[in-house]
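Before any questions on binding or motion, here is one chain by itself as structure tokens, the form predicted alone.
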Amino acid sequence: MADVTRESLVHTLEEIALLLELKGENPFKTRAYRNGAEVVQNFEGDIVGRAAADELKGIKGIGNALQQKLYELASTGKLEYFEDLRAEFPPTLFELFELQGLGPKKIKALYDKLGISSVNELKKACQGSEIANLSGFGAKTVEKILGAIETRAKFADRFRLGEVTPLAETLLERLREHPKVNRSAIAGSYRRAKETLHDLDFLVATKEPAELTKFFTDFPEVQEVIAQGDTKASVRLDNGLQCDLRAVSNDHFPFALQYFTGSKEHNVALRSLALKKGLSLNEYDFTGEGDIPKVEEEVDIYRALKLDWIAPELRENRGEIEAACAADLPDLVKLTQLRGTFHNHTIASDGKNTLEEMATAAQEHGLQYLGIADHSKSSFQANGLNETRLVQQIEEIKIINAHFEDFALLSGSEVDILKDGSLDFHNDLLAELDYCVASIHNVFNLPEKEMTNRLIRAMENEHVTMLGHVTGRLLLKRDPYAVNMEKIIDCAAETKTVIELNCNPWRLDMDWRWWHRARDKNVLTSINPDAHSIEQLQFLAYGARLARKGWLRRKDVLNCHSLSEIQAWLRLPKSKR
């Protein structure tokens, strides 16, 4: 029996939800499996151990039926219910769910009426006339499907940071616990907090490298061993992710950590600097004439080159070496410095938890305030609030806040920016809120100039506190819409509009490459999880990493302010902030 992991439990529950949708089952039943997958993914304890011991009772979101299925899966490695469901469909059918714009209903129609069960079959059918003539599709749908297939091919070998983080940390912990490992780390683009990854690079210091490469290739998640030697191994996991392990001596570990962290451009610049100082730097050590610097930790490498240590997130050769030489590196923001957050949803729109539940979870995370920004009425697909419901929610929040002493819910709204740049609610209602997040949720295909003007008009509204997910991208699924980011940042600076760093791992928007410019123009950000459940408040950790990658300091992040500071700031007219 293969070892069962948290990831395999989550994957199974998510596939069951999709299969039930394809079968046209009751949506409440489907949602129960999808919610269960989220609970399992974010459970802080040993969820696999508890499932195998049949000790899941009392965990919110996991009912009796789901408890039994998780028990069967964790204790036997198999789930008969799931295998029976899968047997009803071709295995390649799941490829279709990776395409933007194709939901279960359309996939079911393609499968039932045309027998399409793979991306290749879909592409061939799009190139003919079958799909265009299918009820509910048409020529424009075919064009969008072909575009989605092209996008999927472009990103076929990449993974989102948030998608791999739980697995990456699980594998690292497993290596760390091996008795022959002295030091261990994940290097590469993961350590640099890149928003998408091609692979994971693990590094261990050990006196028994061959034992560690064998241990690594025997991990239960390994689907294929690509290569295995005495000091290196490469494997492909069952989710398609390639993982590489390098086993080095303890003396070589700091050099290997620096080298394999990258980026390539950063390393080239660092080696060039070393040469100017009469040293040669590689993945093993310093060499050269004269005194060779003693290195025990990675920081010693930078110190030997007369540089301040450069945080991994900054190592992209975008001015960090020059700043380190001048002792001018930023004191980067830390996750522990966040005091609250603004962009969060409840069951009033498309969230999964109540106001009270979200407030409790926020306090458990050590936050002093939580902004509630449910969708506005134009986002009908998200059960957006109309004026009456929003006023009711404002009153509900006041009642709940009466029970708090050192915590508060903030009344907000994620207001749709309409096609012409106007907002979904009138100013009189917006004035009743503590703040407003303005976001685009439809008409993504405007020309760049129109889209830019649309956002600028929204920012010019005195009641718009911040822009939400400013480019609308969905990583590896939907490209950002056309917008002039320089003009957006300039307008944010002029109008005192905050630009959120939406840290939902599908978005991570605004892109980290723009934050240095925004920071230098005194544009504030708010690190917002766009949480639709209590579990998703944990997305703040991704936001902190991406904020650091964007050179952001504590003073650049609005939600590093305390509750009293935020309340005072929100009371100021926008132009005075």
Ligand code: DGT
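Nothing here was measured: the structure is a model prediction, and the numbers come from that model. Numbers follow the displayed sequence, beginning with 1.
The next section is about a form of this same protein that is not shown, the form predicted together with the named molecule.
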Answer among 199-207, 485-493, 443-451, 327-335 for heavy atoms within 4.5 Å of the named molecule in the predicted bound form: the stretch 199-207
The named molecule in the predicted bound form has a heavy atom of only one listed residue within 4.5 Å, and of 473, 160, 345, 192 that residue is 192
Checking 368, 393, 267, 234 against the named molecule in the predicted bound form, the residue with a non-hydrogen atom inside 4.5 angstroms turns out to be 267
Is there any non-hydrogen atom of residue 384 lying within 4.5 Å of the named molecule in the predicted bound form?
no
Report yes if any heavy atom of residue 255 sits within 4.5 Å of a heavy atom of the named molecule in the predicted bound form; otherwise report no.
-> no
Item to complete: Would you check, heavy atoms only and a 4.5 Å threshold, whether residue 389 touches the named molecule in the predicted bound form?
Response: no
Inset, instruction - Report yes if any heavy atom of residue 170 sits within 4.5 Å of a heavy atom of the named molecule in the predicted bound form; otherwise report no. - result: no
Checked 503-530 against the named molecule in the predicted bound form; residues with a heavy atom within 4.5 Å, sequence order, are none
